[in-house]
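Here we start with a single chain on its own, the form predicted alone, put down as structure tokens.
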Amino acid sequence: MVETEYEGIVKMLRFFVQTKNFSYVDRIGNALNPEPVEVTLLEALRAFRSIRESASIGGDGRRYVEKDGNKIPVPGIPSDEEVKKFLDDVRSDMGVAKLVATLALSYPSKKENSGGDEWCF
């Protein structure tokens, strides 16, 4: 299942959707070849790392940002293995990028809502 293989990337893109920044998801989902996906993922990872490092840490040990009065959990940064596999798979099948973008736009499962976010220790 794609969401399992690229769970960190989907969660990161979903975070941007929750903060009303659709640019990265749109660019990945609408890409016609692997190059725009690579550039967009690089930019998304750079921005996400910056946001994550400056995010507040709640009493439960989770990182979050506040937007419009809501606390939005900040998931973990996707692993280098996951990013490499995603980019390798996108190079052989552009449908992977579209599917990941679509999953990022969907509502997370109950399981993810109740504990899918990374704890920061």
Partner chain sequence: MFLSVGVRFEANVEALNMVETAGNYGKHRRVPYLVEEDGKLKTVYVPAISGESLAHAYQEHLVREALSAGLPVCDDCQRGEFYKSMNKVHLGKKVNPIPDDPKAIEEAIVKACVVEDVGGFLYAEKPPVRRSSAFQVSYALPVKSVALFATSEPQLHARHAQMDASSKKGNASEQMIYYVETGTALYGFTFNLDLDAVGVSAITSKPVLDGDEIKKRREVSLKALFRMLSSSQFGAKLSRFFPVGGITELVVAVTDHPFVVTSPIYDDYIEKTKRRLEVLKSFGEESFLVVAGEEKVPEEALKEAIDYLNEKGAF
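Predicted model only: the values in this text are computed from it and were never measured. Residue numbers count along the first chain shown, from 1.
Beyond the structure shown, there is the form predicted in complex with the partner chain, which is absent from this document and is the topic of what follows.
Student: So if I measure heavy atom distances to the partner chain in the predicted bound form, which of the stretches 51-59, 66-74, 92-100, 79-87 falls within 4.5 Å?
Tutor: Answer to the contact question: 51-59.
Student: Residue-level contact is defined here as any heavy atom of the residue lying within 4.5 Å of the partner chain in the predicted bound form; does residue 21 satisfy this criterion?
Tutor: Looking in the predicted bound form, residue contacts with the partner chain include residue 21, since a heavy atom lies within 4.5 Å.
Student: Check whether residue 26 has any heavy atom within 4.5 Å of a heavy atom of the partner chain in the predicted bound form, and answer yes or no.
Tutor: Output for residue 26 is no: heavy atoms all beyond 4.5 Å of the partner chain.
Student: In the predicted bound form, which residues of 36-65 put a heavy atom within 4.5 Å of the partner chain?
Tutor: Heavy-atom contacts to the partner chain in the predicted bound form: 36, 39, 43, 46, 47, 50, 51, 54.
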